[in-house]
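Here you'll find one protein chain in two forms, each presented separately as structure tokens under the names structure 1 and structure 2.
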Structure 1
């Protein structure tokens, strides 16, 4: 088996014919696979300048922020830049009615003003090594999926134990190509990350819901943090004694700007793509899963928005939550539209016809892979109704905050011991979780979510997939009456009530919680899902995983003349392309740049989405752009054909010389299906021009202290 997988690796990495724009490439393989093409497209640096373990390289300036976004180091004092929406939770956590940093922005004019962010971290990639042979050495084709995974887990644990690293370093191992390859990553994680600056939401989230996922865009989507380290420049928990981190590499910043056709590169941590699925899988996403999730989020967003537009306090409470829900909601809408418009299912069917034809020409291939597509199709049909129930469950439960309270308490009481004294520390931790939930909770709003979403839960799926307790209650009461009873009488509706119960003995705590009507309903919904849906999905998904791994192996073998890059899996990747516009539909052509003129054209005084700070308007009126403007105009955003996805938010956009020219923050709506079906004609990533970022920091915020830290180059 090792010999066979080695042959696949040779076919994969030695016979590739790279195509422009598409692909999320591992940086340590650029020199072998991509460097020639990248230089042909305009890159002026070498692959060794991008990834190098012997000296500082671009990869040493790129960090995973909190595990959900990317950020980059832009000074030798640990200053990092990321998106406004990536830093928004930190900004929200520091905001109040008295200090509304969401509305007014936040700027630290010296390091003493920088704000601690509990739980926020950044991780650097130190090195990447392939460990496939060590992972699969004990695997054979007679194993079940559980047996196979058990061996893999055991081998991973052993590799982690034996691998040489510094005490302050960590290791993780990820599968690639559906488990046909494995790579090991050595990381350093810094846990003292402080908020340095963020523009008002009217700049950092200008356009909000309407402009999200759209082009043309005029959003200054950035925020700034600083990494702190111990006196040895090593990772450390927060301490007043910590000092600004000194990086191996920080990015230089270019004010030259970009023109059409220029080479551009995005370096970051893309979350998840699925480029090698079967037609059956794509059909299920288009017809079942995305529509289910879209429907739930549409209803939730309508309720939340109706409260947020009327009450500034609720707006602050729910701002981050709303933005998170809305982001995926609109993305899935665009995904369905893009998959439909690009005829994705038929493209996959045509591809599968070629696959089948090639199999037929080779008896060995036919024997080994001949039934894979048929088995995938039948397995997806088997799991279809279950995935609908899964998506409803996963979408509904976290959006009702009292269910989040019940979930936290469920976990807490399951971990309680017999010794009340030993449970004191556990009670302190659960108190913190309860505070976090109720800090972003409004009872009236939450009750409306409860009523609407549970109505959909009951009405939109077969009775056997829903809670028997809820069905029983609905025979004697309306959903509104059930909600009134719960939100009036449950002990879980107020943080003080819960804390009071937690302060008592363990037996009383468990008795009170388990007899609470909200807890009983939550538990019944949860158990119904686990027993009737979740367990079945887990069993079928194991088979899908096996078939998908075999299908991936088959594609690599059969299409040995085709380009294959690994799907994104939250590991460090490089994607590259050229700056260019696009034509989303007949008669419509989009340019590749936007300017501040467009910001003013969209400006609506007092509007939730398109209002602007007076100072920004005054700067525009006076054309006071400083060195960041061009011919009396201030550039704002631009687009290019870089293959990006979630997790790439905050990634640096780099020019041909590796200089920072922009900050990736979005994709165009017509191309959001790029996670499944990349189409180079319409898939574009959206970046805020670095000159707009610096203009806001310097001219709008007056934070010249931050500008002085940066290395700004003209060429």
Structure 2
């Protein structure tokens, strides 16, 4: 009995404790689920100040930037703040050798200097409503997954049609808790978003790949844009007539800074997490999927780096590609380490044991959910080797640029119609795509990727899963000889060749392409994948989705004393936690703040990652921090126990009063496994202190015009 009581105590204590920092919460449910605890942790405002559909609340200052990052409104003239790495594409698109904004930074000293960005948009969330019942009506347990989905799609379409909204608003509906709940979002999307400011990459991406996913950090990862609206303040396409957007709410900025233990919250659009997987699924990620992806990226990055360090031109061409491949490569390594170190599999097994014993206490639960875990485990076994092949395919194919050319041409051919006039437009598109690929292409580098990655493709997989054509070629030639043939003889190795073929009639286009050796190999690898792997995965995946949905339903039912948050799905969430350091390893203690002294410690003149602009060094030497320094030091970054993920980049870090104190941009290495298993002892998000952001804008760039727009409070 005593032992039993102790177990209950441990269980209660653990779940309360983890809930304190863990979770990405729906803003409209804070009042019911979280407000009390948030206040206990230090929050001084009410849940209704965060989300309110009747008056301006904090949520009206938060936007999804382009669907991949978060940004926030910081002036009553539509000025928004996000990360440097979120705005980087825009900065890069405006950069040239004469105007090297990547290297030198960009600042608009008045609105006329702001730069237009094709395709960039921001979305506000106007309201959120639960629509579960209307979505899952007409559904029963005898339906196949496909039948079920088609009923849901039909219901979604109907609700979207019937729902009352303004003409300038949009609606989307998303599943939550693996399809156990559905919420409807009314949004307003502004498509005229102009670049206002970005520091040099030596500040905005200081430390680059070496420091990425790491603490202690010293990066000024921010950039600024402005939202423009039509004369009614409504969404509009770009037009010179548009005016700066007047927000319902803009964030006030506090220069007070954060101390250990202070309450913080991060408000934004986290992309994807998987917190409710079974032990079997986590094991597969750790043992099969992450290692497969890491191995391929390791080889690809090695090859790219060997070229980039020798050739400045290639370095510029491949910089963005390299950074993006490296970002996930490094994250997955941290993830495996973190899952191992935090004993994630054992933790899940313990949780499953609790789950199983609760099932046993209730015959109805037992009969409904008693087999799920077993079935999940056997289904994961069934899909395991297929997911390895899927990861190999997904990782290898897009890294070989000539395969991207073949892919673009394949889809172009399949889209061609009989109408030559309509095809003209399609020709323009494909020509643009070909240019994009070849602008960032080096033939020697690409051939090395081709040889290395296809070697892994054949060596690491069972024969029956790989391309018969490639196997046949390999019986007569080495991979190097095969590559040589292709990279010298294929018509697809030069943009001009391809364009002149594209300009001809479509019949000869199809003939030439179909007889090309690169194209034939590409097609054979693709078809082998679809027949041997892709089709099977899709059908098993349907089964996993169903089991996962039932497992989620079961967890919500049997742990009805626990408060659950739904996995991230790129919808608006609030996460909260206190500012604190952590112990990465035995005997090591990490502080929660960094200062410019640390920037200078890392400074390496002329280095690709750790060089600094002279002006920044001068300001540091003169201790000229203005009102942004404290006691002669300039704060730079800090960490807290907020549960964030990819997509949260650019999210505001808010203090107890809802004032802006920092900008979220990363997580610590030891805690990147928070997407799968949040561990409050080592999971920390990394934010740049707002005072460093303002110091750079004001003192470094002299853009006082922007500072004047902002509302800076003393509290």
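Here, rigid core means the biggest group of C-alpha atoms that superpose within 1.5 Å across both forms. Residue numbers count along the first chain shown, from 1. Given the structure is predicted, the values throughout are model-derived calculations rather than measurements.
- The form predicted together with ligand ARG appears here as structure 2.
- After superposition on the rigid core, the Cα of residue 312 moves by 2 Å or more between the two structures.
- Residue 484: CA moves 2 Å or more between the two structures after rigid-core fitting.
- After superposing the rigid core, the C-alpha of residue 494 moves by 2 Å or more between the two structures.
- Taking the rigid core as reference, the CA displacement of residue 407 between the two structures comes to 2.5 Å.
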